[in-house]
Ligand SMILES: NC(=O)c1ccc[n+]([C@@H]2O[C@H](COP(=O)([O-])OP(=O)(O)OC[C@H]3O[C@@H](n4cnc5c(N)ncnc54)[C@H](O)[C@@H]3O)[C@@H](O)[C@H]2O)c1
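Only one chain is shown below, in structure tokens, and it's the form predicted on its own.
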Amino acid sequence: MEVNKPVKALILGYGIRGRAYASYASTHPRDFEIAGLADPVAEFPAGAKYPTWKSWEEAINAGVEADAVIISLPDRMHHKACLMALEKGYHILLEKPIGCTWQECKDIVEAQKKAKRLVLTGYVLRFAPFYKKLREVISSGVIGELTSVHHLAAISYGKAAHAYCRGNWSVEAKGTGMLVNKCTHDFDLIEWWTKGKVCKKVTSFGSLFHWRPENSPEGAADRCQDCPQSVREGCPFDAYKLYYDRTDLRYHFADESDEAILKMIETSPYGRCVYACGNDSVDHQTVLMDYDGGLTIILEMESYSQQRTRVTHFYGTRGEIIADERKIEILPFVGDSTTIIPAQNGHHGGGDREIMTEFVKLVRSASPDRYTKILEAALESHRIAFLAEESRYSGKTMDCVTGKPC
């Protein structure tokens, strides 16, 4: 395509991620243009000059002039939507996970090779200025050769209750487990930090520890609105506390007004008691990875945290690095310690904006060989995540080369 024309894209799914990507059109109109929106329930922008559909299939088959498709649909729809979009010849920005099974991921790789189109996975963190700077520091060799990495993905009790207990990812059979849905971001970062090294073995442990019916407080009702005040007062997961008294989770909803939030609590799944949601997704999980050369990595995913953050401790032969998404502390064994505070602006620290900038550049570049390498690199994080899940289910350590138990 002509480099001076904006990339025109259909956006399939106008939830929180679809809205985030769509906003790029208003801030970068010379680079990106919305060709149409599809969502079965969302309210579309008033006065939109592009077509809208309730069905994403109708959007893909409508024959609208577009260069690309952004897929921000529920996880279980990624596979079908991506294959259809590739068959139509579109470039794709695909929200993670790529697929809900390893086979679905492989199907998409084969289709991408055939179509010779871009499939960029929505790994926004690797595009965020904070993580770009962190990778630069690690690659500089300031702490020597990495010996081990301890990485904590703290979800926060409010976000976890929202998404993985009450919400779309509460039941594994409806999409993927919490590790694949949430932590493919983290596996991608790990693969980015360890570029050139190969994960040889992986083992994992995790469970649904607390949000179970037997842990329900005495006298609790199935919905927060019906729960006795005495029980609600002592419950940190009370929907009124999380959505009405606080406002930090309201961005998940198109209408953030008090009136809409109260109605949501009274009528939607987000007003259910966390102990009566029928959920089976884990609420905590630990993954241990063994890389060639002796490097070991621990990834810990935790729901019951106060803050929603990622904290990573890198140990090297000449020092340490501690990063907490705000600052990067460099602690060499020889010389002075230093602290770097990268500038951050926007959702995911600017990652949402930067991935769209990269997506536009890649679509304009028309580089089929590079497109294949980009998707194959993204696949590695999924491969390790799925093997970690297999380890959790089976109780066995998995060989990452053969894909079988050790």
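Note that the structure is a prediction, hence the values are computed from the model and not measured. Each residue number is its position in the shown sequence, starting from 1.
Heads up, the form predicted together with the ligand isn't pictured, but that's what we're talking about next.
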### Query
Are any of the heavy atoms in Arg30 no more than 4.5 Å from a heavy atom of the ligand in the model of the complex?
no
### Task
Please check if Ser72 has a heavy atom lying within 4.5 Å of any heavy atom of the ligand in the model of the complex.
yes
### Message
Given that the ligand is not shown alongside this chain, does Ala38 nevertheless sit within 4.5 Å of it in the model of the complex, heavy atom to heavy atom?
### Response
yes
### Query
Can Gly122 be called a contact residue for the ligand in the model of the complex at 4.5 Å between heavy atoms?
yes
### Task
Work out which of the listed stretches, 316-324, 84-92, 168-176, 271-279, brings a heavy atom within 4.5 angstroms of the ligand in the model of the complex.
168-176
### Query
Which residue, His185, His151, His79, Arg117, has a heavy atom that falls within 4.5 Å of the ligand in the model of the complex?
His185
### Stretch 79-118 - residues with a heavy atom within 4.5 Å of the ligand in the model of the complex
Glu95, Lys96, Pro97
